[in-house]
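Shown here is one chain on its own, the form predicted alone, set out as structure tokens.
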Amino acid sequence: MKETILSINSLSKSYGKINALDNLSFEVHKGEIFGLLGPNGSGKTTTLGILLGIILKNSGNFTWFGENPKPATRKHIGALLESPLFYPYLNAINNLKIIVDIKGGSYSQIDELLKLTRLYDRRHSKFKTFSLGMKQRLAVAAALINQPKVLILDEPTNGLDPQGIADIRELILKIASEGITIIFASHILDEVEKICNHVCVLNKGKKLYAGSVEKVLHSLSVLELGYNDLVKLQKSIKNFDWYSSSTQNNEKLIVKLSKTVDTSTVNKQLAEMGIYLNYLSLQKKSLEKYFLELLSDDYV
């Protein structure tokens, strides 16, 4: 069983009559890149603020590393919540030295962090000369000081150009490969789909879905099968491990999948049963379309 890094139970927060969070519950496990996905005002930043002790909750509870939060817990969590703020006339090294002094640690880690974030060649450049993407990467380096177990990022690609977004994506994946659990809040669906392996979809403080991205994408994939006897075809595929359910539509069988399967496997399995399809197509709905459908539901 995977180690639980974060467990949230019925967390709620209101600002007057506005419910920023409404009985939010989910878990994050060790090694996950966990995405908090939702439009602006969905409760993402409020959630992260509560988890970091910046915002007080109204009700509910949460644990870090199996324990109730305490001051020592914060040492194991690195965070980038807002636009990076550094001294503009200091270079990258000296700005990070200040963070090391605040957190307590050794200057010896600075060079490795600058190499990790691909800023080593600009280590003597003043912060004010950095592009927005470079500033974000320096902020990530600062968040990684003292080797935290968890890295929290709130909209880290906001305002970046395509190259800057790709740089942050590559950096997040590299950090995760080193065993650090990442909680990544974003409203950009494409980034969540490319980066995260688990996701919690929020809107107006409510959880609409929590689980693996892979499971969501499985549920969004359907097979379209054509054959001269759809009744026989439907009976023949019910015992396959990828079969979930099916309906007939326009002389085709539309099959919902329980797991990922490629068309060549389907074709081979049916051919071995003497069934030769005249049409076979795998249709995938994007995470974006799924997300928009969730937001259009009645309870939102």
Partner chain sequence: MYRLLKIDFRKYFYSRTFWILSIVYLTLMVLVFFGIEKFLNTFMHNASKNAAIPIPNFSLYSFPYVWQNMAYLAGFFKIFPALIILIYVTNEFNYKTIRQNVMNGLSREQFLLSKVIFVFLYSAIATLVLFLSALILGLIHSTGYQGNIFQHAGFSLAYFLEVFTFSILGLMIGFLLKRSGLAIGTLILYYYIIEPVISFKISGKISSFFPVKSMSNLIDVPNSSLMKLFGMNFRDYVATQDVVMCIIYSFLFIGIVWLHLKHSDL
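Positions refer to the first chain, counted from 1. A quick note: this is a predicted structure, and the numbers were derived from the prediction, not measured. In this text, rigid core is short for the largest set of C-alphas that superpose within 1.5 Å between two forms.
The same protein also has a form predicted in complex with its partner chain, omitted here; what follows describes it.
The contact residue chosen from 74, 122, 204, 194 relative to its partner chain in the predicted complex is 74, the criterion being a non-hydrogen atom within 4.5 angstroms.
Residue in contact with its partner chain in the predicted complex (any heavy atom within 4.5 Å), chosen from 161, 101, 190, 229: 101. Proximity to its partner chain in the predicted complex, taken as heavy atoms within 4.5 Å, picks out 47-55 from the listed stretches 248-256, 235-243, 34-42, 47-55.
At the 4.5 Å threshold, heavy atoms of residue 81 reach its partner chain in the predicted complex. At the 4.5 Å threshold, heavy atoms of residue 276 stay clear of its partner chain in the predicted complex, well away from it. None of the heavy atoms of residue 208 is located within 4.5 Å of its partner chain in the predicted complex. Mapping the unseen interface onto this chain, residue 86 counts among the residues with a heavy atom inside 4.5 Å of its partner chain in the predicted complex. Residues of 10-26 that come within 4.5 Å of its partner chain in the predicted complex, judged by any heavy atom, are 13, 15 in sequence order. For residue 175, the Cα coordinates differ by under 2 angstroms between this form and the one not shown after the core has been superposed. Relative to the superposed core, residue 194 shifts its CA atom by less than 2 Å between this form and the one not shown. Relative to the superposed rigid core, the position of the CA of residue 110 differs between this form and the one not shown by 2 Å or more.
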